[in-house]
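This document starts with one chain, in the form predicted on its own, laid out as structure tokens.
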Amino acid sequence: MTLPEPVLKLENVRKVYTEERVPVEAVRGVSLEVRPGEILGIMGPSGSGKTTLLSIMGCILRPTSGEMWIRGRNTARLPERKLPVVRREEIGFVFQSFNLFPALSALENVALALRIRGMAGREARAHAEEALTKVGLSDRLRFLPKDLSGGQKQRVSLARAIVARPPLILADEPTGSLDSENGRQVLALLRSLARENGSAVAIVTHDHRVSELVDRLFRMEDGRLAEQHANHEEVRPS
């Protein structure tokens, strides 16, 4: 069976920072692919480079060297002015801190993700309501973030990430601010919605529960990535 083309492909990606004139290699020669409907988990200790890697995947940081393609477009070679369009059109983001606008309702927060893509207000609100219903918040549409629990805020963030059906979803510690039960529910929702939309998903997390939900699990340490089995036995460095 022919595999679908990867949504995201990295080839020998490196990221080097300079601290007090000393080069520090945060990401060391990472190569990987994520295909439509696939869920990939990246775990590792603080300072291992996983958040830097996710920022490169999200076109927030540029790699120092190496290549990266999103749906066949080499984003590592795009001019800086074109990267915001890639982030807006191709990627949905889920953050540990939710990043919701406090003065906007749940419905308005999600609809905004569509309005900045050029969708009319009424149509954007209809799609936003549908997305919020999918994450179980049909009775919280008009609530402000301050009136929502942590789990509900993360569901709004998830609805916002998936509402435009982006080909790529990047989640940075999506359960980091949640209790055990809410964390489990958010991970399960992220998996089911990604499958439904055919999105490729990469999750950076300390949460070991992610190993139960991902298709592939990676361990990152000292800037290097290694694929692991579910039992965390290392099988292939990359």
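Note that the rigid core is defined as the largest set of C-alphas that superpose within 1.5 Å between two forms. Being a predicted model, the structure only gives us computed values, none of them experimental. Start at 1 and count along the sequence shown; that's the residue number.
As for the form predicted together with a small molecule, it is not shown, yet the points below apply to it.
Residue 52 belongs to the set of residues with a heavy atom inside 4.5 Å of the small molecule in the predicted complex. The closest heavy atom approach of residue 173 to the small molecule in the predicted complex falls within 4.5 Å. The closest non-hydrogen atom of residue 46 lies within 4.5 Å of the small molecule in the predicted complex. Taking the partner from elsewhere, residue 193 is found to have every heavy atom lying beyond 4.5 Å of the small molecule in the predicted complex. In terms of contact with the small molecule in the predicted complex, the residue from 35, 184, 62, 206 that brings a heavy atom within 4.5 Å is 206. Comment: the small molecule is not present in this chain, but in the predicted complex one of 210, 178, 26, 39 has a heavy atom within 4.5 Å of it, namely 26. Relative to the superposed core, residue 19 shifts its CA atom by 2 Å or more between the shown form and the other one.
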